[in-house]
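Presented below, as structure tokens, is a lone chain in the form predicted alone.
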């Protein structure tokens, strides 16, 4: 008995040094899956760009839409989800002094479900049975196994989410009257959004499966599209919420400062959770069967995300300027030069934050009814997506790697690996600027997206797009180089870097901060508010789509 107590005490002391060793294995497993997926998805992205530009022909048995579908699923769902979960579980373990044993079991079950689901879905794409793009909504139809794989993927995410909720409730009971550690608060917001966002796509998939099995002849295309964007729109902002957790809490520590007012930070998290799901119709502005008033409601909800975004911008520039001036920065912008630009842990997320400015501006264009009519089905949208996700989100993820993976692996971030990270960050930034910038320009002159052949039998206007597509391919080549370097860095830090201790850089609050208000801890209330806002935005239009439904569509396979 005494020995057991001693062992338990020793494990408790170890976990207080950072992430519990058992939880570190879980997080590293997620990162292994994440970056293996990034390598495959990045290669497919280059192949896709070269094929579209006419510089490469796919082997017999493969087509452009097959590659596009795999690229979208692997990067937008698998890479981002596995990285997000690995990072948030590490944050929870660090905040809660380790996860509960039963929660670990639920997480391992989630890993198994997700891996099986991804293998099933990707296998169908490789076999040519699921070239339905990342959006995968009807009337395009894939093999039933593809959708079964998606169901397993969602169940895997739910298994993790419910485990997180159980661990949170346990911590609240053990620590009555105490505010949740700020990184754990972010994690709760992320998993609440994951669960409610996935409800829409789950309903959609269970509508699709009987349809592709032939049990029903037709399907309501508008309802399924709407349910997808319930999920698809929110997924983007889940990534944004994950990125902001590093901006608010990790970056200030790295620059030698303290994080901003915790009351504001928690309010930002709550606003992002409550406002996120309603807004999906701004992806459907050109769709029929949705009234203008409902579309404008969703546009308003989409633009409302600017409020917490501007709060974030103010808070971060305040923190960075204060840290820079503390280091001796003089004049209007002298503080800017004092920031640690040679530290990849700062450089990558800082570029990500800067990129969110043009990314957000492009989002306003996409959300505006009149301007969306011009750019909706063009490469502009693809360029916008690569700025917001490929820079603002992904570069933040990359920056996190350089401190979190050595911490989990009990290794060190060496000066050499830091230099590799800086080089990789600039290669990625330049490559994405070239590719996404040319995509925006090509979109403005009419170059269509989701189209393999854009020459239109040699039409003069279509041929004018070709130089932009060559630039796409140039940028995509640089991005693949960046992917290879990043994957090398991740696995080097995971297995080969010198043994040692790496700090978990959690910033402390500024002095004399007001007490954290406990009303922010009422996640049951915020979930109810979220559901009420979702009901306001979706119940009436979906009911209208069902009551006044068109004849519906049979399954269509175009490849």
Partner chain sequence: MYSNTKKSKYSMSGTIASVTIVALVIILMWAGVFAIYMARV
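Residue numbers count along the first chain shown, from 1. Note that the structure is a prediction, hence the values are computed from the model and not measured.
The next section is about a form of this same protein that is not shown, the form predicted in complex with its partner chain.
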Exercise. Of 310, 466, 166, 203, which one comes within 4.5 Å of its partner chain in the predicted bound form, counting heavy atoms only?
Worked result: 310
Seminar exercise, completed: Students should find that, of 321, 129, 343, 262, the residue having a non-hydrogen atom no more than 4.5 angstroms from its partner chain in the predicted bound form is 321
Seminar exercise, completed: Testing 409-417, 426-434, 483-491, 370-378 against its partner chain in the predicted bound form with a 4.5 Å heavy atom criterion leaves exactly one stretch, namely 370-378
For this session: Consider residue 59 of the chain shown here, and say whether it contacts its partner chain in the predicted bound form, taking contact as heavy atoms within 4.5 Å.
Result: no
Problem set entry | 4.5 Å heavy atom contact, residue 514 to its partner chain in the predicted bound form | yes
Exercise. Taking the shortest heavy atom distance, is residue 158 within 4.5 Å of its partner chain in the predicted bound form?
Worked result: no
Exercise. So, in the predicted bound form, is residue 457 in contact with its partner chain at a 4.5 angstroms heavy atom limit?
Worked result: no
Problem set entry | Residues in 319-347 with any heavy atom within 4.5 Å of its partner chain in the predicted bound form | 321, 322, 325, 326, 332, 333, 335
